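Okay, so here's just one chain, in structure tokens, the form predicted on its own.
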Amino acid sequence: MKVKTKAYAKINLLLDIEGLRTDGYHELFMIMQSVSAADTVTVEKVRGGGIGVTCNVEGIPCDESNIVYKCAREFFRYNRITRYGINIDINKRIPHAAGLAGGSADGAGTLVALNELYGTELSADELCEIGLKVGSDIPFCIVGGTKLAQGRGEVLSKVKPLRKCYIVLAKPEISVSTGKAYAAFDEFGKSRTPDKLGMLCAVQSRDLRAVCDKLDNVFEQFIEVPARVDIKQVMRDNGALGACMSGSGPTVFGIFENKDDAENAAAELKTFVKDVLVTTPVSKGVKICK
């Protein structure tokens, strides 16, 4: 028996760090959006015991350090399942270490698949509770869509969905450590605060141009990404309504009303950027493939 899921990437339409919490985490304010770039996570029952992990991309750890392994372990603990044997296969299409929550998406896909495979009938809230033990982005990646995320990122509130558009993702050939990015915030702080109220008003009015005017990411103030300026310029030259970095980077995304404009921007970006994808907004974080 096996269950296959599509686990969708996310972007941050707005990301602000409001300070350091007493538990050591950072207090966040984010408007998050699922996009159609997705990994495929297949969970299969196998003979024998334990948790196996396989992946199509070299360099991705396939041991206990992988998020999917940790999510599976927490799932079995939560459900008090002591006898199990599974393999989790990750077919990655979301760029790695890109600020797109690819690892968290895989963890979310694993939890949804296990819930289906074992017939545990856990609610989304219960799956989020399990996922939060492994990573702060996993609850959003389970629920997906367009959400206001606060706290560590696990306090999710409904907002109006983003209007139909095309989102170009461009990841330069570098990786950014999320831990080092937060350490840089702790050292340098921020020089200005994103317009959170303005973004919320734009999202709630479903005004795509206003949303794009308010795109902002506090990490851009102290994380250097080579070619970020050039990437944004290509996007704007090809009709992007706005462009911003996602998460702790280095991926830059641009939002377009017109598909041809998005594809033209992607074609030009591919001349100097390794990973370029044209995506659209999606309304969920994980989809079970029938």
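Residue numbers here begin at 1 and follow the sequence given. Here the structure is a predicted model, which means the values were calculated and not measured.
One more form of this protein, predicted in complex with a small molecule, exists but is not displayed; see below.
- In the predicted complex, at least one heavy atom of Gly179 sits within 4.5 Å of a heavy atom of the small molecule.
- The small molecule in the predicted complex comes within 4.5 Å of no heavy atom belonging to Pro172.
- The closest non-hydrogen atom of Tyr25 lies within 4.5 Å of the small molecule in the predicted complex.
- The closest heavy atom approach of Pro194 to the small molecule in the predicted complex falls outside 4.5 Å.
- This chain is displayed alone, yet in the predicted complex one of His96, Arg152, Arg73, Lys190 has a heavy atom within 4.5 Å of the small molecule; that residue is Arg152.
- Val134 is the sole member of Ile86, Leu127, Val134, Ile167 with a non-hydrogen atom within 4.5 Å of the small molecule in the predicted complex.
- Heavy atoms within 4.5 Å of the small molecule in the predicted complex are found in exactly one of 78-86, 112-120, 141-149, 179-187, that being 179-187.
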